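Read the single chain below, which is given as structure tokens and is the form predicted on its own.
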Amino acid sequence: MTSCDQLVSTICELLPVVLKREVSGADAGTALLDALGLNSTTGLELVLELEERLGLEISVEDLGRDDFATVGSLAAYVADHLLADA
């Protein structure tokens, strides 16, 4: 499993925690904003949970709306910008 695949799995595990409801069938192609109704507050919560889980610091200032398009795009952002530095 690549680190991006692992990140997708981790994000999918965190979605029910952040959204406070069951999230079934989420995968890399799941639209965070449109399909799941993620907003700026829950998006920030997701990033904070991800930071805690991974032990990394994610600069929310650098995250754009496109990075939150899908579970996969968020995982790719983290893999490209953070795991490369770790």
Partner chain sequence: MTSLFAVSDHLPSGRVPIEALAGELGLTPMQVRIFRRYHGLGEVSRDEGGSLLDLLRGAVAGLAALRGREHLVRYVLHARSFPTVVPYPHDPVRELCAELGLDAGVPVFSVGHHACASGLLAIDAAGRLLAADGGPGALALVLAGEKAFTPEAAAVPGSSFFGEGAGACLVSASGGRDRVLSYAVDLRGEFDTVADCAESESEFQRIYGEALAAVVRAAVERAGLSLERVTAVLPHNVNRVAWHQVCRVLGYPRERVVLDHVPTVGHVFCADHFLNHRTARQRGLLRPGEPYVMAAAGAGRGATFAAMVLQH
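Superpose the two forms; the largest set of C-alphas matching within 1.5 Å is the rigid core. Owing to the predicted nature of the structure, the values given are computational and were not obtained by experimental measurement. Residue numbers count along the first chain shown, from 1.
Although it is not shown, the form predicted in complex with its partner chain is what the next lines describe.
With respect to its partner chain in the model of the complex, the three residues 13, 16 and 28 uniformly fall beyond 4.5 angstroms at the level of their nearest heavy atom. At the 4.5 Å threshold, heavy atoms of residue 22 stay clear of its partner chain in the model of the complex, well away from it. Of the heavy atoms in residue 58, some are within 4.5 Å of its partner chain in the model of the complex. In the model of the complex, its partner chain lies within 4.5 Å of some heavy atom of residue 48.
With a 4.5 Å cutoff on heavy atoms, residue 54 does not count as touching its partner chain in the model of the complex; it lies far away. Annotation for 58 to 81: interface residues with its partner chain in the model of the complex are 58, 60, 61, 62, 63, 64, 65 [heavy atom within 4.5 Å].
Core-superposed comparison between this form and the one not shown: the Cα of residue 61 travels 2 Å or more.
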